[in-house]
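Just the one chain here, the form predicted alone, laid out as structure tokens.
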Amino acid sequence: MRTHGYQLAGEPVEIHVVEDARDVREFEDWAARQIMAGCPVAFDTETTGLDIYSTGYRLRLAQFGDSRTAWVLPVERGRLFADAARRVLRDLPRIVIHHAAFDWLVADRCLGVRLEQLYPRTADTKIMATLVDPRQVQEGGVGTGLKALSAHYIDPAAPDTQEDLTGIFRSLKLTKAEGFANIPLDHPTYETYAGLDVLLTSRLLEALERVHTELGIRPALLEYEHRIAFICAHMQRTGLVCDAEYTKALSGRLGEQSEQYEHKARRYGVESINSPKQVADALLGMGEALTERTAGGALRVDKPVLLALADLDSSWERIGARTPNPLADAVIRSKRAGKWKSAYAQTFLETLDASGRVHPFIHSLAARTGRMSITRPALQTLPGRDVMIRRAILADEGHVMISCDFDAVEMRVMAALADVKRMKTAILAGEDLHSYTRSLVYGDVDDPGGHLRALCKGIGFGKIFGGGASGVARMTGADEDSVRFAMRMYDRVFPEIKRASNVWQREAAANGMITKTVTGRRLPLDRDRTYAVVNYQVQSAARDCLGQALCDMHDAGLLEFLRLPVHDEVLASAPAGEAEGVARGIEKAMNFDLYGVPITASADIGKRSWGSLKGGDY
């Protein structure tokens, strides 16, 4: 056995590296003592990368530890070590992991210790830290990464061994992506890095348990978040079937489209569509008035500006407010095609497992508000009406796709939380809320093309997402004076929203700039953006509507059919003969009452591809 000594918070700690059968027995004796004492044991893994289901993926090290002792098992070296890790992991009654979803799935795939066995016994320190403060370092928070949290709660000098590892990778002429798969298994920095993670995680649990008690964070909220993490990890493990042949052809078409629109942009003098100055100069030469500037003083020609010039809304639908600028249209279409090729088509192909499935990462607690996100690929960024990318994702053989989407959930949640009387009346009466708002704001006037309705809809979402007059103007194509008038009228017809915002801001100021949500979530406000409290309250409650619905689906035995949570939509795959029953079960879980406001959803049954739910024919 080799041992690395270290100091944490002025105390000596030891990292034991297991080398033979005798060392394995010592490790198992230590684990048995922890079990007898009822102590939680920290667990972590070192692997060849992040794509758990990719071909050739390997678990290299498995680590266990408490606050003073870590054990590093080189499972890549053979069955002796893998079996020991498996036995102990199955026997431990209490496990602590930082970012449990990842290590659950690694253990599930590489050690055969099922996700279902690990979830009930795990405390996730990343979830615990997020419930204390969800902000990242760049947002003014502590952050939710292990090293940042350790420096804050355990030892300001807590080592960032990952930075040391990066230097080792460079000396070995390896990129960061290659390094974790190829660094020698017995490299002392690698072993130390591995062992420190469980030592820090164990100490972090103790610190966060104290903080949770001090702040009065409800154990029920912590249990709820662990359950949602499990449900999302289950969906990630299941994955989605990818139509590889279609995706290969799609990648080629997107590449051609990108080049085609880039060639069109060159006709207007833009040699590089990625040069903001070239694009801005060409647009000015075409007579466009560009007024927005970046922090550095350059004219802004980002996606929102170009969409407005191309007369397109955020869903890439024609607004009808102006004649589309052909250069702006070409630039954004070339960029989108290039992005979709790399971010979706190529990522699907790169991450296919041996059975032809992709396993997107589902982050159950991503945004400050708790909103979920999906990465590799970021499927939640697809426009709502996209068919082309969604066509690549299929239900299982003999299955059909099911989608169930909340109906205007943010607006309904805002009506419920702020007790907006007229809004609640309209919702209960089954009115189209945005048309109803238009009638209140403008009276009985004609609205050819629905522009006034679109403006009222934009203002409603501006209230939720914190968009000012300029943002709503960009989104809707209306001029800023019209937007400001409509916003003033909106506040008059729905005064409860502004009133609730003021109350929430006062409560936050009295609570150290923390607003508490209906589920007890603590959300820090930025002092220069306290108006964002409406966004935080509404977005967080909407997320918890989805979270509770997922828990209810789990209770109803529907988890095996679930594939993805995308914004306010749940995607499922079910045998054609059972699809109706599964759809109705999902629908039932997503229909409930929130403070007298019905939160509703309706399920659609498609054909085999996800794209069929958006109008596709397959």
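Don't overthink the numbering: it's just position in the shown sequence, from 1. C-alpha atoms forming the largest set that superposes within 1.5 Å between two forms make up the rigid core. None of the values given here were measured: they were computed from a predicted structure.
Note that the form predicted in complex with the DNA isn't included here; everything after this is about it.
Scanning Phe230, Phe81, Phe348, Tyr536 against the DNA in the model of the complex with a 4.5 Å heavy atom cut-off leaves one residue, Tyr536.
The contact with the DNA in the model of the complex, taken as any heavy atom within 4.5 Å, belongs to Trp340 out of Trp340, Tyr442, Tyr153, Tyr190.
Between 396-404, 300-308, 244-252, 144-152, the stretch whose residues reach within 4.5 angstroms of the DNA in the model of the complex through a non-hydrogen atom is 300-308. Shown alone here, Thr130 lies farther than 4.5 Å from the DNA in the model of the complex, counting heavy atoms only. Contact annotation: His567 falls within 4.5 Å of the DNA in the model of the complex, judged by heavy atom distances. The DNA in the model of the complex is not approached by Arg522, whose heavy atoms all lie more than 4.5 angstroms from it. Interface membership of Leu215, defined by any non-hydrogen atom within 4.5 Å of the DNA in the model of the complex, is ruled out. Shown here without the DNA, the chain has Gly458, Phe461, Gly462, Phe465, Gly466, Gly467 in 441-467 lying with a heavy atom within 4.5 Å of that partner in the model of the complex. Relative to the superposed rigid core, Arg488 undergoes a CA displacement of at least 2 Å between this form and the one not shown.
Residue displacement note: Gly140 has its CA displaced by under 2 Å between this form and the one not shown (rigid core superposed). Once the rigid core is overlaid between this form and the one not shown, Gly296 counts among the residues whose Cα shifts by 2 Å or more.
Pairwise change in the model of the complex: Pro383 and Gly356 C-alpha atoms lie closer than in the shown form, at least 3 Å. Note on Cys404 and Trp316: their C-alpha atoms are more widely spaced in the model of the complex, a change of at least 3 Å from this conformation.
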